[in-house]
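Next comes just one chain, in structure tokens: the form predicted alone.
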């Protein structure tokens, strides 16, 4: 049986040997990154000049003075100023397998040997089929009915496509339901769904959105009743006008607030009765709970109509049931992603499914327990400064300095300087958040990062 010439090329002994040498050499250099290291004084001036130049080029300075050197070692990353830091925000969730991971590097080398950098609407390679098949296999493993997978270059575009699919399916409905405090993206349409008015200052009117209060863990029955009442009021006020409801099962930008299975199911049952499609936004939660999808963790498989994924999956995608299949021309992109992202994404999704990461005793659960235990110990030593932790799986946060936004901002920058990269989330209170790179992190990394975090907090309290 004949095979494509490309198969012979990739199996050529010279290719295998060249990759082996490259990966071994990379390992030798990565191994030299063993812990946090301050910037090299000889590189400081050039680095600061480069930071200023890039700020001018992009029209605004970077949040952190972060320009990577291109080398890392698991949870550690080297910057171009010679410093080494623990990366516990992972590019806000993108680097789920850390830095310079051997399997990721090998998949990227294979992609570099492929014929094109980007794949898209007219021309996709075989690995796109394999990734779509893998995502749908993972999405339906507990009974969901997802039938199609459309790739896109960003989480925002995946969400845009999801809205378009629902609007077309429910035409002429022209409204969307969403949770208070939700974050869906910053495109023209998504900025109107995202519950942050400052993100749409100066923008023309867009999608009409009706908000429903989110779940409050301290008052489960009361908050569920309040949300149900508000949902029913919206449906009564605008009968037949809603194209769908967006569900963030863990409010990411809202402060890592997990919902509740019964809360979600009661809302979804009302939506089902009104034949309103249900969109689950998993751009941040995908691969971070003890199930591949958060909707599986909460047992919502029989309700989902549309699901969006991104960040950890490298390639972003909109998954939807057969009923919501759009007409020709609605979905199309010149670029769906790079060959490297597609190959790496397939590898990460498969490892999440088969590599012992999922389940109540899986690696994600164990890393979560370790991180939470260390943060609880830190809270016990600094009870007037720290409260928490909060979150779920690889999404962990705590409140510092009473959640005062300015103080939290100063703290995360001081933490960056000390050697740990985190970020913030939420408002009133503003929290410190971390996204654990589960494919690369170790218990020792977690212990070291929390120690640096506690020392930084203590210094700011003096």
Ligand SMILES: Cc1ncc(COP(=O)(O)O)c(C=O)c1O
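Numbering follows the first chain given and starts at 1. Small disclaimer: the values here were computed from a predicted structure and weren't measured.
The following text describes the form predicted together with the named molecule, which does not appear among the structures shown.
Q: Have a look at 283, 131, 279, 165 for me and say which one sits with a heavy atom within 4.5 Å of the named molecule in the predicted bound form.
A: For this set of options, the contacting one is 283.
Q: Between 289, 159, 337, 90, only one gets a heavy atom within 4.5 angstroms of the named molecule in the predicted bound form; which residue is that?
A: Of the listed residues, the single hit is 159.
Q: Looking in the predicted bound form, any heavy atom of residue 305 within 4.5 Å of the named molecule?
A: So residue 305 does not count as contacting the named molecule.
Q: Does any heavy atom of residue 208 come within 4.5 Å of a heavy atom of the named molecule in the predicted bound form?
A: It does not: once the named molecule is placed as it appears in the predicted bound form, residue 208 has no heavy atom within 4.5 Å of it.
Q: Within a 4.5 Å heavy atom cut-off, is residue 183 in contact with the named molecule in the predicted bound form?
A: Output for residue 183 is yes: heavy atoms within 4.5 Å of the named molecule.
Q: Do residue 96 and the named molecule come within 4.5 Å of each other in the predicted bound form, heavy atoms counted?
A: Close contact is absent here: in the predicted bound form, residue 96 is far from the named molecule, nothing within 4.5 Å, heavy atoms only.
Q: Name the stretch, out of 76-84, 170-178, 342-350, 245-253, where some heavy atom lies within 4.5 Å of the named molecule in the predicted bound form.
A: Selected range: 245-253.
Q: From first to last in sequence, which residues of 134-156 have any non-hydrogen atom within 4.5 angstroms of the named molecule in the predicted bound form?
A: Those in contact are 154, 155, 156.
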